[in-house]
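Just the one chain here, the form predicted alone, laid out as structure tokens.
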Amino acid sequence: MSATEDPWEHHATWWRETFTNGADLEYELQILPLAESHLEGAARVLDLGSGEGHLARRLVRASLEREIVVGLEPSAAQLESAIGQAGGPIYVRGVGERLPFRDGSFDGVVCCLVIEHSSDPDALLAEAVRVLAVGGRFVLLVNHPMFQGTGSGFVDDQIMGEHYWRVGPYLREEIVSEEVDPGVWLPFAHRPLSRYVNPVTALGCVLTRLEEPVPPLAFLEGSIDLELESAIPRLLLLRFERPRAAQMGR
């Protein structure tokens, strides 16, 4: 792969085969149900960075009252994979930092494990809020900024006979390229939690829910220290709401 080639275009088939349609236990048992539960009742939903559409398809199936689910994705290869599967979402090619939708178009916006790959998170968050209707919900799922950031991870210290979870330089913002599978390199941006909360609340939204779910035990099968790893969150979910005028005046 050349230095200028988009890794999401290049690895679209790998992504589909590795993470979607039940291939990945964490997605199937936790990530997708979690996103779905926080968007319950939202009739018009935008899935930012929808990839090959596994979350968008699930959101269509989740509610008969759902009017529309739009999956926005910059990668042509990912979109081709999404469109080739049944399910019902509408797919649009575009980037989250410049959304091709009118203000207040959606009462539900979800960004699931995508903002870590954005080089301009402020623009993405501002656009998510812009297209969110009054009373709507913005659901942001990220790899946990403290425990899954650069330099963080499980340590098996065989010399000292200890297991512990190392936390890397939490406050340092950086974008690194990580080999997530043999020969598969993807960019990841590490940012502290404040870089996600403050820009959204500054735009008038209210943080109404924060979740750090326990990793699925089935996903941790084979861990050499299940007790430790089951106490370390892999995900962070933030749910924001755009309050109505009456709510803002309380």
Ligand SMILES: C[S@@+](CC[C@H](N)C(=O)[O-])C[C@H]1O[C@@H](n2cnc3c(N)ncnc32)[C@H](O)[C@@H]1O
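The structure displayed is predicted, hence computed values, not measured ones. Don't overthink the numbering: it's just position in the shown sequence, from 1.
What follows is about the form predicted together with the named molecule, which we do not show.
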| query | finding |
| --- | --- |
| Interface membership of residue 48, the named molecule in the predicted complex, 4.5 Å heavy atom rule | yes |
| Distance check, residue 117 to the named molecule in the predicted complex, heavy atom within 4.5 Å | yes |
| is_contact(residue 97, the named molecule) in the predicted complex, heavy atom dist at most 4.5 Å | yes |
| Interface membership of residue 148, the named molecule in the predicted complex, 4.5 Å heavy atom rule | no |
| Answer option from 134, 83, 175, 113, heavy atom within 4.5 Å of the named molecule in the predicted complex | 113 |
| Options 101-109, 176-184, 88-96, 156-164; stretch whose heavy atom lies within 4.5 Å of the named molecule in the predicted complex | 88-96 |
